[in-house]
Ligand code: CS2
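To begin, one chain is listed below as structure tokens, in the form predicted on its own.
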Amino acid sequence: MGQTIADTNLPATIILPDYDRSLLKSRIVHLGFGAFHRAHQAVFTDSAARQSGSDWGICEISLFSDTLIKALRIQDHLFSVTELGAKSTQSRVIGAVTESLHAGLDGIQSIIEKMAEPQVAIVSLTITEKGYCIDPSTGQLDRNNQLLVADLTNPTEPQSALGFIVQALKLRRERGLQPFTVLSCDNIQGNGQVTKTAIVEFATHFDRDLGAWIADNVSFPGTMVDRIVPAVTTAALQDLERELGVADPCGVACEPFNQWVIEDDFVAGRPVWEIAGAEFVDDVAPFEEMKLRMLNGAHSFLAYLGFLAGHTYISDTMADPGFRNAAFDLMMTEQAPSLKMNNGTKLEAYANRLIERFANPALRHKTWQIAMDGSQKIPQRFGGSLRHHVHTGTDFKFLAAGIAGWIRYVSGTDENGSAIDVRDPMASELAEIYKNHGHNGSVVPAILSVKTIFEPEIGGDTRVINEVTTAYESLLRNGAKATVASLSRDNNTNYFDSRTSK
């Protein structure tokens, strides 16, 4: 490897760390050195150090690939974050990372010992929904998860994030050390409670006293995280190299917008993230549901239907009036009414801001990327809203179309008969259902009956089945573009005219 951002005179427009990095301590251990973490929590921590002289540094842990960790070490744990606005670009170098570890490079015990060090006050996570090893249908541990099976068999040599955290907490308890806070930063509804449930249940499986100690002494704050961060592609890295004047394999691009809402419950202290713009609240649930349903729900709607319509990027869907109108109407007519927000929350302004963010052409956020892991995302992004409309008897044609788009997408072939690279932990089960039913309306109730995705009161509801089936058949008959365009029409040409109304 040649020059890196650590030993290159970067352009004057690049914002560099202006604090003494040698004063930072690894007080945060983070599991999951992915693009979102680099563009979000690392940025907040870096900003706190810039503005307050904070000594809070981050030790990055990667449990799987060692590629980024090797690159990070070569460039003195520095990496760049480039904000791609619709009209301008701004890059900065993040200096908040102090060290890094990888199980294969450094050994499993080195990671456990790092998390057990006295100064560590927070262990944070961005490990995606799959990393929590939770069965969505029960809210309990998925005992069929391969990582979990391995850890339950051999707990002292963990492979999962849960296993590492429990072993570290076990050591801290044995050594009489204060516990740390476990901070989930994944886009999961009730992420704090989900994390607590998983870790306490895992620990209790081996040691009831340890499980009780964790439940009583470790804090698990809920968080709401928001920043659009497209996948890091070769083309994206080439763009970053042109911006920086040097290659940065750990660099990431994102939108300028950045939001973090956190429940203020930290047993061993925290950085002054509020100085960097984080908002601390008593209950994050309303903010979390607003984001999951309006932003993420609209994203999934656009991803599945947009992909089927031939749109490569989310910004492409916003250039299509049918998709743009449908996304706004989904948010305002079906997602917003399902929320319980504080008085004064301006949901229409929020929806308009989201449309503006989606339309940013500089992001190149692929519909295919957002479409990944739908079986894990659909319950959180559409399930709560669907439950609301089933109970109130109100309309949900946009939600039905979004679910139908997902069902059509996981068939594995697009509208031209070309193969879709479906990335989903339940891809084989969904493919088997298609094998038994084929591309016709009978596949809809079969998929809606999968309890790990749709709770029975939703998936078995007659109106839900009828609405989604009608939407699915429209996709087969008319295609995604025409189906979406029909949703917001004010004339009598509506592909959903056979659908039961309110």
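A residue's number is simply how far along the shown sequence it sits, counting from 1. The model shown is predicted, which means the values in this text are computed figures rather than measured ones.
What comes next is about the form predicted together with this ligand, which does not appear here.
Highlighted residues Asn187, Arg227 and His299: every one comes within 4.5 Å of this ligand in the predicted complex, counting any heavy atom. In short, of 402-410, 362-370, 114-122, 90-98 it is 362-370 that has heavy atoms within 4.5 Å of this ligand in the predicted complex.
Of the residues His311, His77, Lys377, Lys397, just one reaches this ligand in the predicted complex with a heavy atom at 4.5 Å or closer; this is Lys377. Of the residues His389, Arg172, Lys291, Lys196, just one reaches this ligand in the predicted complex with a heavy atom at 4.5 Å or closer; this is Lys291. When this ligand is considered in the predicted complex, Leu295 lines it closely, a heavy atom lying within 4.5 Å.
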